[in-house]
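As structure tokens, one chain now follows by itself in the form predicted on its own.
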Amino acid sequence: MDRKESIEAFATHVSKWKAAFFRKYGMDFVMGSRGGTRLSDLDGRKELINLHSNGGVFNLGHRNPAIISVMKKSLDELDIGNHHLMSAERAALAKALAATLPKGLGKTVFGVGGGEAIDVAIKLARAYTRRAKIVSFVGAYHGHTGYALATGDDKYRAPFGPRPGGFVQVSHHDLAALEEAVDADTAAVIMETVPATLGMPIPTTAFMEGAAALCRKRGALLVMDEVQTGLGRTGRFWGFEHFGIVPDIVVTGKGLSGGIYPISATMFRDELEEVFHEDPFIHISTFGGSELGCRVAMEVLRISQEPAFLAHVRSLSDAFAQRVGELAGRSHGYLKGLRRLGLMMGLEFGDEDDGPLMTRTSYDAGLLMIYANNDKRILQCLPPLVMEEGELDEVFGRLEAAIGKARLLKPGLALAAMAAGVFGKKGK
């Protein structure tokens, strides 16, 4: 199908409303050729530099040659395997993951996506502690599946019915609120190391240490959602390493796929495995830990653990920070600053119109960037970790053009909103 036929078929058979949304905002891009940090529309009419990476799926770029090579070779030898049987590929990947984690976190359950992996973490916590309460944070996002959805905000869950019992939320990075919520019935506290959907607020070491200590004191498990921050994104292999804490359960996904084969993992303390003692088949995932996916993930681990790779992430992060500072100075106050932990970054603007507006003007300028849905002042910036510093001239040339266009459009946007009564009537 050509581009027009693809859009029509998508609207008819996949999502009428998504197609309408993209048409409305002039962003009806259909992925065609892709490689490295870039992707092109199906008809080649537009190229984008990817500064979102699908939340870290494309940490190693699009169609990374090393990942593609492993996948091609594996297809000559393997299929997805059989989840009922033992697997050398799953065993090798689980052993390799354990080697990246603090001592004692030696067990893994594999899944297909991050939401499934979060569900596993919550099931483990409840079964092991024999407690019901799960504490998460307002504005966080852990996935769209059952228990994962229950940890999130009402706007994602409410259309599908009431929140299941036992799930509560507290204000983000508020240790006093967390201490009040975590009690004798709390099975786990779950948090993202850096919550992307909330706009990349970077936690303090004091908060992270306090949260970990509180969990130990109250007998609750600490679950770290590293779906986006893991695998080198922050300049260390796991984001929680920056804060000197040891979680009980760690969840990863997205980038573990190499952008090629979906796979996720829930890793946990050895003693939690007693949950499966009486019935080791009490949790299964038909496609979780596919043997093809395990081979791909092993290559992801090999690349992402290399000291030179992690040093490159830190160096590129510093280069981004310098360029953002320079650009902020030329933006007449429009660009306020940068939130970052390695290449887990968010560009900060003045109000909630700016993120959506910058998403559109960045697209027009040839950059794929997406605003943080729970803090629309923030434009997420997650470039592939393999981006070279030599690409930054082009990136920041395009970003400066996007900011210039947004500044021109912003007054008209505000007037239109006022005319529509968005800001309320005078005197209210």
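The numbering used is simple: start at 1 and walk along the sequence shown. These figures come from a predicted structure and were not determined experimentally.
The same protein also exists as the form predicted together with a small molecule; that form is not shown, yet it is the one meant from here on.
### Task
Can you check 136-144, 346-354, 239-247, 201-209 and let me know which stretch has heavy atoms within 4.5 Å of the small molecule in the predicted complex?
Among the listed stretches, the partner-contacting one is 136-144.
### Task
Indicate whether the small molecule has at least one heavy atom within 4.5 Å of a heavy atom of Gly114 in the predicted complex.
Judged by the heavy-atom cut-off of 4.5 Å, Gly114 is in contact with the small molecule in the predicted complex.
### Query
Any chance Lys254 has a heavy atom within 4.5 Å of the small molecule in the predicted complex?
Within the cut-off, so yes.
### Task
Indicate whether the small molecule has at least one heavy atom within 4.5 Å of a heavy atom of Ala297 in the predicted complex.
No, no contact at 4.5 Å.
#### Entry: Val227 within 4.5 Å of the small molecule in the predicted complex, heavy atoms
Residue-level check for Val227: yes, a contact with the small molecule.
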